[in-house]
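Okay, here we've got a single chain as structure tokens, the form predicted on its own, with questions on binding and movement later.
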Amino acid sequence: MEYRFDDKHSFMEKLEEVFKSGVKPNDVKMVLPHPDHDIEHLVEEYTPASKLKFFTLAGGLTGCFTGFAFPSFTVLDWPLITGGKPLLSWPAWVVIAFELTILLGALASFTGMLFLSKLPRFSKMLSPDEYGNQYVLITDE
């Protein structure tokens, strides 16, 4: 069903009514004449929490584990005994583990963002419909 409005207030009332009836924000298509923060905040209220944090956590934990595992395996494979220091000197690898945690966490976040938002979808970027200065709400009711 397609609803067209000339003013933002009536559009927001209908949008809230649609969300309260149980329609998810992903099932609604909105065409706006310009970006609007009030509408964005209304949609955020009915949007479930993102799963992106799990991608970031997995990437960060992988980076931290890798930051300690690579130097450990390297030292055990090519032992170089100098000055009576222990082979597995963990404090020296904290910097490596920290940097890899940040790097892999950021890369996993970026990959997760692309995956969860189903990007790139080039066919959905341009709308062939032209609505002018109207607020349009399209649902599958």
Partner chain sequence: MSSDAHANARTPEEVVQYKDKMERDIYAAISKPNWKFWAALALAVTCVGIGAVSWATQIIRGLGVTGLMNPVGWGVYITDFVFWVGIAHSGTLISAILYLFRAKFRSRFNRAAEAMTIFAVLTAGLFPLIHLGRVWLFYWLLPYPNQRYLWVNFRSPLVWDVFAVSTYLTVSAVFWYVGLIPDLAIARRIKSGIQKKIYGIASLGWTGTFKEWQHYNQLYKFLAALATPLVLSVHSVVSWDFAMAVVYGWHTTIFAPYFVAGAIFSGCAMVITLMVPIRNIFSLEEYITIDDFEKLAKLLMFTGLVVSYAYMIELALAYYSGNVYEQQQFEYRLFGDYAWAYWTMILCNVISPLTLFYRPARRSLMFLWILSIPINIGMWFERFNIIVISLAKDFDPYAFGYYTPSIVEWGITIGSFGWFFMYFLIFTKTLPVLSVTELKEEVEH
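It should be emphasised that the depicted structure is a prediction, and the values quoted were computed from it without experimental measurement. We call the rigid core whatever largest set of C-alpha positions still superposes within 1.5 Å between the two forms. Residue numbers count along the first chain shown, from 1.
This next part talks about the form predicted together with the partner chain, which is not shown.
- Interface residue remark: Phe65 is not counted as part of the site for the partner chain in the predicted complex, having no heavy atom within 4.5 Å.
- Contact check for Met113: a non-hydrogen atom falls within 4.5 Å of the partner chain in the predicted complex.
- Although the partner is absent from this view, Trp93 contacts the partner chain in the predicted complex, with a non-hydrogen atom inside 4.5 angstroms.
- The shortest heavy atom separation between Ser117 and the partner chain in the predicted complex is within 4.5 Å.
- Residues are counted as partner-facing when one of their heavy atoms sits within 4.5 Å of the partner chain in the predicted complex; in 86-102 these are Pro86, Leu87, Ser89, Ala92, Trp93, Val95, Ile96, Phe98, Glu99, Leu100, Ile102, in sequence order.
- After superposition on the rigid core, the Cα of Gly83 moves by 2 Å or more between this form and the one not shown.
- After superposing the rigid core, the C-alpha of Met30 moves by 2 Å or more between this form and the one not shown.
- In the core-superposed comparison between this form and the one not shown, Val18 has its Cα shifted by less than 2 Å.
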